[in-house]
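Quick heads-up: it's one chain on its own, the form predicted alone, in structure tokens.
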Amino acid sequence: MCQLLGMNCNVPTDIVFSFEGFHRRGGLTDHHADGWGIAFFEERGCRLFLDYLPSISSPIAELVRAYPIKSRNVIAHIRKATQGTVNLANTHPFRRELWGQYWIFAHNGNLDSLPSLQGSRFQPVGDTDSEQAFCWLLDALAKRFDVAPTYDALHTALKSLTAELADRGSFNFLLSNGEVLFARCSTDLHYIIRRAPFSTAHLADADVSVDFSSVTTPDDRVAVIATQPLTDNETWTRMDSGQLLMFVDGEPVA
């Protein structure tokens, strides 16, 4: 299966520390070596970096490690291919426009079958189950809502629609439009909320620590979501199977 990483904050924050551990899971501390990608929202825009190389040896990963891009919503993915060949078209995260907003999606799991996309304006470019599921999900939302709904209404719709897809296989995913971040657990997904008083965190995949009290303000709040905990000295919350959380300003609100 793949590895997911998400971040949702109340102020623009860089993900350098989490990414330092996360990128090692793409071929060094874990066997996920079929490409990787990361998306940073900046206001209404989105920077999307993709590579079909393993993240541990990717020059683009080195760029991300050295470039502290600040964002309130980030989604990253390390791929272990189950469906589709290893190429850029099949590399997560995927991006589409809906209601005049960019939507970013990354999936960990395997879907045995998928609903038809005949007649949909959302069509996959690659040949993964993940991208097809993303297109179906956006098409279903577009049919339900002519304009962007309230986030409570969107959460309710997503809970119903994603349960339908989860009946077809394993469906862990992260989804964001740059304002909120949705996280759904099917098998493995964990999160942590960092807020004042901040402490020192140590990575599980490298001997690297950071004292967050020295790089934050008392008002900062950061939610980090990952397939497996990224640190070994903090308490992460394991999500329940079938749970869909909506993160806003660095904390779950649904």
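These numbers come from a predicted model, not from an experiment. One rule holds for the numbers: they count along the sequence shown, beginning at 1.
Keep in mind the form predicted together with a further copy of the same chain is missing from the figure; the text below concerns it.
So a further copy of the same chain isn't shown here. In the model of the complex, which residue out of Asp152, Asp112, Glu97, Glu164 has a non-hydrogen atom within 4.5 Å of it? Of the candidates Asp152, Asp112, Glu97, Glu164, Glu97 is the one lying within 4.5 Å of a further copy of the same chain in the model of the complex.
I need to confirm a contact call. Of Ile60, Ala204, Val210, Ala33, which residue comes within 4.5 Å of a further copy of the same chain in the model of the complex, counting heavy atoms only? None of the other options qualify; the answer is Ile60.
In the model of the complex, does Glu131 have a heavy atom within 4.5 Å of a further copy of the same chain? Glu131: contacts a further copy of the same chain in the model of the complex.
Using a 4.5 Å heavy atom cut-off, state whether Asp51 contacts a further copy of the same chain in the model of the complex. It does: once a further copy of the same chain is placed as it appears in the model of the complex, Asp51 has a heavy atom within 4.5 Å of it.
Using the partner position in the model of the complex, report whether Ala148 sits within 4.5 Å of a further copy of the same chain, counting heavy atoms only. The answer is no: Ala148 has no heavy atom within 4.5 Å of a further copy of the same chain.
Is it the case that Arg65, even though its partner is missing from this view, gets within 4.5 Å of a further copy of the same chain in the model of the complex, heavy atoms only? Close contact is absent here: in the model of the complex, Arg65 is far from a further copy of the same chain, nothing within 4.5 Å, heavy atoms only.
Region of this chain that lies against a further copy of the same chain in the model of the complex, out of 71-79, 154-162, 120-128, 180-188 [heavy atom, 4.5 Å]: In short, 120-128.
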